[in-house]
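Next up, structure tokens for two forms of one chain, structure 1 and then structure 2.
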Structure 1
Amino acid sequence: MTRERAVTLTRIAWIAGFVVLLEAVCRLHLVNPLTLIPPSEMATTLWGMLASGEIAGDIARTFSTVAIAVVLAVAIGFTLGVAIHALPRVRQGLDPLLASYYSIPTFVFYPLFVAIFGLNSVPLIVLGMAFGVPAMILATLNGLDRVPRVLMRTARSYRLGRLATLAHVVMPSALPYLLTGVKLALAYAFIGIIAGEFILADAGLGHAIAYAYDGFENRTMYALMLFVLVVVTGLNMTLHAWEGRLMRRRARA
């Protein structure tokens, strides 16, 4: 058994053990049913909701908003990261700001975004970008910093132009770190957008969860929470596995 497969099986075992424990705690009524329901009931309710299509609109709304926010965050963050990396003095001034960015409560600007852009998807996209862009900038800087100098000297010795060097040397070497930025941008976009939907949005998974909470619909609320958790975890683990393969390939090269 390879180390990678052993790690994967260990993760699955931990998750399965936690689910079984939570199921037992709920079934033995060690937790008030009004507070928490068994995972099996969450899954059953979620399956029924997916089969009926009642949450299809909310899923489409949230996922399309997240997708737009992530694409813009990655594109803008990568571009800014490359520009900042090329300007050492600018980077020196921005490094402390980027390092402390997530201590700023960005979410408090959401009502301002709504006032500017209206009650639609645009404020949520801007909020998701605000969470994701700095992560992509930092990942880009980290990736460009770790391009081996010997590769750059080799590119110069072969008289490769800037675009050729970027395509054949810089990007393949920095790609694992860029993928880390994509992974973080995706996670932060989901956090910001679903949290925003809790407050002022008129649709989306966050809005549906908040509506179920206000109506004391525990089954619906936990089913939607389970759906978000499974989807985001699955996407994150897929990107993490891809990142790991790229890092191992880079180490062998």
Structure 2
Amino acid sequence: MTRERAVTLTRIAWIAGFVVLLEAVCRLHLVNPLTLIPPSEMATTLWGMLASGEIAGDIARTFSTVAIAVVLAVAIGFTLGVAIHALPRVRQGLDPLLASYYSIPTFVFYPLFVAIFGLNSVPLIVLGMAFGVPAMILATLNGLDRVPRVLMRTARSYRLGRLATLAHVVMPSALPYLLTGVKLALAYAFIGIIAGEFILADAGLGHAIAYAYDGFENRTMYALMLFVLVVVTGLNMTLHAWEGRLMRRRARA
């Protein structure tokens, strides 16, 4: 426990140190204030923007898109993962594809998505799912692979049916791995959707950043970047902590 606290405190100290360093570098004009502004200024600008509600619409837009993309990515990825797991041959063929998938800049398919889904927020959602689905598939496969054989045999020794086995043995056993998939799907949804908004959209946080960037409104831009950073890291840390707790509960001594 004390060690855990020491780790957390050190981590906070490092982050704080970095922020202070950044602040100092900016305040001492070691970098051009037109390119980088001090963190404190980012924070106050952000506070002002949040208080005035001027970015509430963008926040709502991005978060709802992300939420839909994550839910869909997790559901689709899990279903596909379960299906692929049942078909080892398909899986062998897909193995190198799944791993190289990440090198494809998916947003180049935007015109394709528009053609298929129309000019609305669906292409953006698809963009958000593009990396999340394979991540979830891989996580599901990983989780299913690691359901100990003896637990499956235990299920049979209790005469459980297929669904009962899935619900009471397979799912709980694979949960920590599934959670890793959810975490990745969330991160990728943010990455994909904000990148998509950055390049293509007319609303949302990504667009707001791009708009500020294009208009040389550095304070706004950095404030928004800070906001995204804090939110994404916060969500990520929360899931990380939850995952850690699950894993620790299960780690064999």
Partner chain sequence: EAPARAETITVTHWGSAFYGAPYAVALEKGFFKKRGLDITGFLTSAGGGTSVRNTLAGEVPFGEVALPAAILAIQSGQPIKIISGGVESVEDILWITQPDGKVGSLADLKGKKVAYTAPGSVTNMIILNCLQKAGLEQKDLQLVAAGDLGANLSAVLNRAVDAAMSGEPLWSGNQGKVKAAFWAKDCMNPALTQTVGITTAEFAKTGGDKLRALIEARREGVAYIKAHPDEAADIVAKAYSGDPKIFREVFKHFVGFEYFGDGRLHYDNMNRMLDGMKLVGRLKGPVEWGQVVDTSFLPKDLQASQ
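Please note that residue numbering is based on structure 1, beginning with 1 at the start of its sequence. Rigid core (definition): largest C-alpha set, two forms, superposition within 1.5 Å. Quick caveat: nothing in here was measured; it's all calculated off a predicted structure.
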Only one structure is the form predicted on its own, namely structure 1
> Against the rigid core, is the Cα displacement of T10 between structures 1 and 2 at least 2 Å?
Replying inline: yes
